[in-house]
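Taking the form predicted on its own, here's one chain by itself in structure tokens.
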């Protein structure tokens, strides 16, 4: 297994960042031909998801709904004040898997890989684990 670290910087408190081009570039640059690319976020207030990347309104809609489901003010007990970020990260998840064929991510026509920031702005890391197949 080969591991690559990707640095991501968010600019807003809650933000979905399309990291598909960077992931594709790193996979190709590693000379990885066929297998699985696991995209993993090692943070408790951030996540990763695959969703539509053609229309930026989709990412805005996802943020809107997550903010409705998990409001910033709701009597949380966590002392740091970022409980909603922890809950959102738990709902979305810390990893996704994408098949790789001939060095290309096998995403659907409209799909992209999104880093989900829920407690920004911050500098974060995303780990790409390349598993031969």
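None of these values were measured; they are calculated from a predicted model. Numbering follows the first chain given and starts at 1.
Just so you know, the form predicted in complex with another copy of the chain exists too; it's not on screen, but the next bit is about it.
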property	result
Partner proximity in the predicted complex: residue 68 to another copy of the chain, non-hydrogen atom cutoff 4.5 Å	yes
4.5 Å heavy atom contact, residue 103 to another copy of the chain in the predicted complex	no
Distance check, residue 111 to another copy of the chain in the predicted complex, heavy atom within 4.5 Å	yes
Proximity of residue 28 to another copy of the chain in the predicted complex, heavy atoms at 4.5 Å	no
Any residue of 28-52 that, in the predicted complex, places a heavy atom within 4.5 Å of another copy of the chain	35, 36, 38, 40, 41, 42, 43, 44, 49, 50, 51, 52
